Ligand SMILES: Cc1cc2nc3c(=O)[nH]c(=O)nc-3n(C[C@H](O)[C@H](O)[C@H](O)COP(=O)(O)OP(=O)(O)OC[C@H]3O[C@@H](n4cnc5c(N)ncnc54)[C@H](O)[C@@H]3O)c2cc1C
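One chain follows as structure tokens, the form predicted alone.
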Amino acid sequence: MDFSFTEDQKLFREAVKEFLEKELAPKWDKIDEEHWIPTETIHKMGEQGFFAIPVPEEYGGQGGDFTSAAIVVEEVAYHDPSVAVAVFTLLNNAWPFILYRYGSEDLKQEILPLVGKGRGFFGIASTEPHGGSDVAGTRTKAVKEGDYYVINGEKIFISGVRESMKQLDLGSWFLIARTGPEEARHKAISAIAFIGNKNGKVPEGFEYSILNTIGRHGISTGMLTFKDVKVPTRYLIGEENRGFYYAMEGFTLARILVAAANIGAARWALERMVEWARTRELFGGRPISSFQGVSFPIAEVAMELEAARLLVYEAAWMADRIYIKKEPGLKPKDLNFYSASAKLKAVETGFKAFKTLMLTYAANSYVKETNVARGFLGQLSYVVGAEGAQNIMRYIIAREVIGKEYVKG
């Protein structure tokens, strides 16, 4: 077994780091404080090829793989441990790939090149006020009337709203809507490529608002409201009433990149706690690392981070085998266990890392100037949700290990 990256991957990571050290690391705290990712930064990241990495070049992507996407997201989160820019990056890798996989030729050509250049956004709009993880219970409706779907409903906790509507040439989402009876649950849900903004043009009846979140401020989190919004039927992704299955596939891929963001931020936290433990002195000049109450928790974080990192890249490697190399005998469902395991472990390790960092810094972590709390609050956003709650990850893992028929409620 070979646990090393290829020489090309190592060189790629170094190039990514070199760019981020200049473009992101010096201002990530300002981005968090001012609640704004500079549009110029998004454009530069697009020019560097940070978006639509697994999408083929003929559709405006980078023609890369999920391992490369995970490397980029990990490094972005390390250089912005509030994970705001990492969220923007991972969304614009996972969901464009699903659009490439199932969208029509026209849709792919309209949306993907702009995303790849850092001039557009394509995220996910699934969560609703009544319950985030219950995608099968979607209440937003899309009723077909001639050549249009008429959409009514609400989506909440949607990332990239301000960026889509105010900063970029194109703001769009993989929108999940009900196209059949509620009792049909997941078998009557479709996916629509909803464009909320195209060169300043906004669909009639579409409204949005920005939520006041406690962390991860750089990227906006908002609410989308649809009141008789008409969308041409050509924006349907794939087949009608198959949207739930496309969404589940997208979440499985997005979770790998979420996990990559968590280990990147956790790496930042580990380095800071090690440095602080070495240099902070008490009781006659003893470094606080000499106390087991300080050094042992750091040791645990280091161990758990290494385990999480191995899971993340095993999941990315499996995704590449399925989607990029297309190895015979492998199917998208074979990724479920690895993806859920990576997210579960990475999120909880990241949270532990920042909790340990705050306890290591003690009162110094409670002031903005140390930037510790910025990372902690960004990390917390993944503990409480995003791409499926942590207990949903446990359910997926249990289902894969024990068998779906044995874990159904």
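Just so it is clear, the structure is predicted and the values come from calculations on it, not from any experiment. Heads up: residue numbers just count along the shown sequence, starting at 1.
Same protein, other form: the form predicted in complex with this ligand, not shown, and the subject of what follows.
Asker: Hey, of 215 to 223, 235 to 243, 279 to 287, 202 to 210, which bit sits against this ligand in the predicted bound form at 4.5 Å between non-hydrogen atoms?
Answerer: Selected range: 215 to 223.
Asker: Is residue 159 close to this ligand in the predicted bound form, meaning a heavy atom pair under 4.5 Å apart or at it?
Answerer: Residue-level check for residue 159: yes, a contact with this ligand.
Asker: Residue-level contact is defined here as any heavy atom of the residue lying within 4.5 Å of this ligand in the predicted bound form; does residue 126 satisfy this criterion?
Answerer: Contact check for residue 126: yes, within 4.5 Å of this ligand in the predicted bound form.
Asker: Decide whether residue 104 counts as a contact residue for this ligand in the predicted bound form under a heavy atom distance cut-off of 4.5 Å.
Answerer: Contact check for residue 104: no, nothing within 4.5 Å of this ligand in the predicted bound form.
Asker: Is there a heavy atom of residue 397 lying 4.5 Å or less from a heavy atom of this ligand in the predicted bound form?
Answerer: Because no heavy atom of residue 397 falls inside 4.5 Å of this ligand in the predicted bound form, the answer is no.
Asker: Which of 293, 181, 146, 131 has a heavy atom within 4.5 Å of this ligand in the predicted bound form?
Answerer: The residue from 293, 181, 146, 131 that makes the contact is 131.
Asker: Counting only non-hydrogen atoms and a 4.5 Å threshold, tell me whether 359, 370 and 372 all contact this ligand in the predicted bound form.
Answerer: Not a single listed residue reaches this ligand in the predicted bound form, so no.
Asker: Heavy atoms within 4.5 Å of this ligand in the predicted bound form is the criterion; list the residues of 350 to 384 that meet it.
Answerer: Going through 350 to 384 in order - heavy atoms within 4.5 Å of this ligand in the predicted bound form - the hits are 381, 384.
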